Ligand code: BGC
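One chain follows as structure tokens, the form predicted on its own.
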């Protein structure tokens, strides 16, 4: 394994990459994240970069423009051939679009860690680090079951479903787990879906985009006459991320809903805007997926790789990317609502109290 040091800050506007000042003689880790516009990736990139630097690694961080697949495809061989990285950490924009782009990494035996989203259709992926998305999907369902008291409820409750991006394998795992847990209540009639839109393809939100979610929510409100008073009662909306929840809530607010009439709204990522909505009664819950946990696990994996050892893994069978099962480590997600957001996020310093005012 060849080690390379990089110093200073290099700007590559076309490819959107940034390079850290690092110590000589350490392994160079190349990171490729989807975009800088999404609050998650904008903040998570520096967290991962700094955590790796503190562990003694050199780091190059690339962003894929505005979820620009061709840009990310060009970044893969560039990091291998020009930057000469020793390890790749990649969150794909489109999980199925990097098969050819990672051929150079495979040929040069460069380990590839798939970060949070699974890279599909290539045996170049060495390891996968993510959260337990089955558990996260169950948490969305559990919020609806609990808040609507479905186990004791007599009259049916109306619900609409939103899915994540069709380009992200995690979205499908989340969807399947959530639907599986709620299906018995749909079958028994305790949950009703007025739109009848219950397949992932019908409910998917491209690139997890809030504007796309808003457009669909507006359409559902118009078509099925959802309203806080005098229209069709809407009791719950499944939002697979806080960004999607942002669009859903915006549509409902336009339709006249407020904190006293807002349906159960789920979410994921525990971003400060969503936590403020939880505090204000405009969102019910979110799923915390701590970036520090993922970053620490990436460091553990990189340390093991450099030492020639197998990293710690806790799932080696369930995540098939089309070429076979990928060795994975799943971190535990955390349920966040109005009862515990302060303890979990404010008291720990993850979110400043003033940001929620």
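Positions refer to the first chain, counted from 1. Just so you know, these numbers come straight off a predicted model, no measurement behind them.
Below: the form predicted in complex with beta-D-glucopyranose, not depicted.
Taking the partner from elsewhere, residue 127 is found to have every heavy atom lying beyond 4.5 Å of beta-D-glucopyranose in the predicted complex. Interface membership of residue 321, defined by any non-hydrogen atom within 4.5 Å of beta-D-glucopyranose in the predicted complex, is ruled out. Using a 4.5 Å cutoff between non-hydrogen atoms, residue 226 does not count as a contact of beta-D-glucopyranose in the predicted complex. In the predicted complex, beta-D-glucopyranose sits within 4.5 Å of a heavy atom belonging to residue 117. Proximity to beta-D-glucopyranose in the predicted complex, defined as a heavy atom within 4.5 Å, singles out one entry of 297, 40, 327, 26, which is 40. Residues within 4.5 angstroms of beta-D-glucopyranose in the predicted complex, judged by any non-hydrogen atom, belong to 165 to 173 and to none of the other stretches in 181 to 189, 165 to 173, 194 to 202, 148 to 156. Contacts with beta-D-glucopyranose in the predicted complex, taken as any heavy atom within 4.5 Å, map within 263 to 286 to 268, 269.
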